[in-house]
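Shown here is one chain on its own, the form predicted on its own, set out as structure tokens.
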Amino acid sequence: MRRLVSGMMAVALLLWSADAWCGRSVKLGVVTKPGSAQNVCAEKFKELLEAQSDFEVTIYHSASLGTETQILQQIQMNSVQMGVITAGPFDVFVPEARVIGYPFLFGGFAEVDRVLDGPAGEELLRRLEPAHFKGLGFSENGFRHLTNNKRPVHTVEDVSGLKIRVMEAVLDKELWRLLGANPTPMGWPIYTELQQGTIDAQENPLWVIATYKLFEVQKYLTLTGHVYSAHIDVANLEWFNGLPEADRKLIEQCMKQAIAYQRQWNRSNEAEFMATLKQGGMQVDDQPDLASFQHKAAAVKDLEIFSGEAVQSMLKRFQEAVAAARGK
């Protein structure tokens, strides 16, 4: 009997140790390749957390876990614990998340930081929790711009009929339909589809266009800055809440430090990204007729996707926060 009890205790100890170790192993998903903005944040987070704890962070990059929508589904199931995910695909899980991408909402990085790091951003992160996401903060994708391989685009009328890849997000599809394009939701990457002419156009921040060498398959760049694109850095809510308080605080602290590092990386390299695109032969319109884009995009507010009370209240909160940031 003594041997049996001892054996059972040994098995229990092994099982407890295995569970404890699993809790210290973190799978973090990103859809982009090393050197990309998401990866810069993820890698800095891994570096900081592992230096201060016994957590082991494994980064799954280059769409090895699927599209961003699929990564979010895996985070919900806790088969992946964390992710650095573009805000757009969140809108099918948490419709309020689409307010970040409201067209022409932000006038610059200073406004972005005041709003996303302030009470409005904190409220949006809390609204992720019913979908089983713990919002840790907002790293940066950047202001999105239009590229295409058909013709120069200076006014919104020039967009008419362009087959444009958009994220798997309701807002992006509806916005580009309003602007006159033919939007096609599609996961990332999209180099082959652009090269083969399956799509004519796409819209992304400068780092994406440069890092993925889209200048090889896209001739025209128009600096529309039509939306600011954030990454929402998340964990599985139940996994996160099950950790000791000290671990939760450390994870939040390391992510905030990684976010600050990554935003600075993105902004300080914008001139270099632009130089790369021009050297690659892209024709750049740096002063398009933004008023024409803004006029058509204004109809977004009347779409059904912004009609719900939860989305309306979140949008109002963001608009008021932007106005406060501008001193209005």
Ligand code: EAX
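A residue's number is simply how far along the shown sequence it sits, counting from 1. These figures come from a predicted structure and were not determined experimentally.
If you look for the form predicted together with the named molecule, you will not find it shown, but the lines that follow are about it.
Proximity to the named molecule in the predicted complex, defined as a heavy atom within 4.5 Å, singles out one entry of 28, 259, 49, 31, which is 31. The partner is absent here; in the predicted complex, the one residue of 72, 171, 156, 208 having a heavy atom within 4.5 Å of the named molecule is 208. The three marked residues, 76, 94 and 134, fail to reach the named molecule in the predicted complex, with no heavy atom of any inside 4.5 Å.
In short, of 113-121, 98-106, 215-223, 162-170 it is 162-170 that has heavy atoms within 4.5 Å of the named molecule in the predicted complex.
Residue 86 belongs to the set of residues with a heavy atom inside 4.5 Å of the named molecule in the predicted complex. Among residues of the shown chain, residue 239 is not one whose heavy atoms approach the named molecule to within 4.5 Å in the predicted complex. Although the partner is absent from this view, residue 144 contacts the named molecule in the predicted complex, with a non-hydrogen atom inside 4.5 angstroms. In the predicted complex, no heavy atom of residue 148 sits within 4.5 Å of the named molecule. Contact residues in stretch 178-192 (any heavy atom within 4.5 Å of the named molecule, taken in the predicted complex) are limited to 188.
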